[in-house]
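In the block that follows, a single chain appears as structure tokens, in the form predicted alone.
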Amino acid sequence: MQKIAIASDHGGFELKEDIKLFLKEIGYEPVDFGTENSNSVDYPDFGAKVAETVARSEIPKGILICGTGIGMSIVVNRFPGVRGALCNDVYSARMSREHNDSNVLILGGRVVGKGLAREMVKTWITTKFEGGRHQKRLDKIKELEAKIRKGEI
């Protein structure tokens, strides 16, 4: 069973719990990095846990949920090799995989409903990266990451 890292803050907790059930229903193993309830927490703590796991290739993909998804997006995209995509519709979820090879799907728990979120997750998980001209663009992102790590930017 393929593992998928998942986490949320308090604003995404309810949707995270639903997505965990859905992942199990479709044959995936969600690895939950928190939060454990709807009490107020700081989203960077949970976004970083998933981003570190994906960046180290310990688990290939992750799903993050906060109130709008914006905070989690800012956090995860600071990690080299992590391509987090904030999506609010199925088309964006599909394109984030096909063209950007996103490895973290980010959802807004106060923005998308459970039914739509499930459809987006299924689309995102099953969509393959097209490669080709899109790989050239990802290679440029890797070059930028390397320059940033070296302090050239």
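Residue numbers here begin at 1 and follow the sequence given. Note that this is a predicted model, so its numbers are computed, not measured.
The following text describes the form predicted together with a small molecule, which does not appear among the structures shown.
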Just checking whether residue 43 would be counted as a contact of the small molecule in the predicted complex - the rule being heavy atoms within 4.5 angstroms. yes
Check whether residue 67 has any heavy atom within 4.5 Å of a heavy atom of the small molecule in the predicted complex, and answer yes or no. yes
Classify residue 10 as contacting or not contacting the small molecule in the predicted complex by the rule of any non-hydrogen atom within 4.5 angstroms, answering yes or no. yes
Can you tell me whether residue 110 touches the small molecule? I mean in the predicted complex, with a 4.5 angstroms heavy atom cut-off. yes
If contact means a heavy atom within 4.5 Å, which one of 59 to 67, 124 to 132, 95 to 103, 27 to 35 is the stretch that engages the small molecule in the predicted complex? 59 to 67
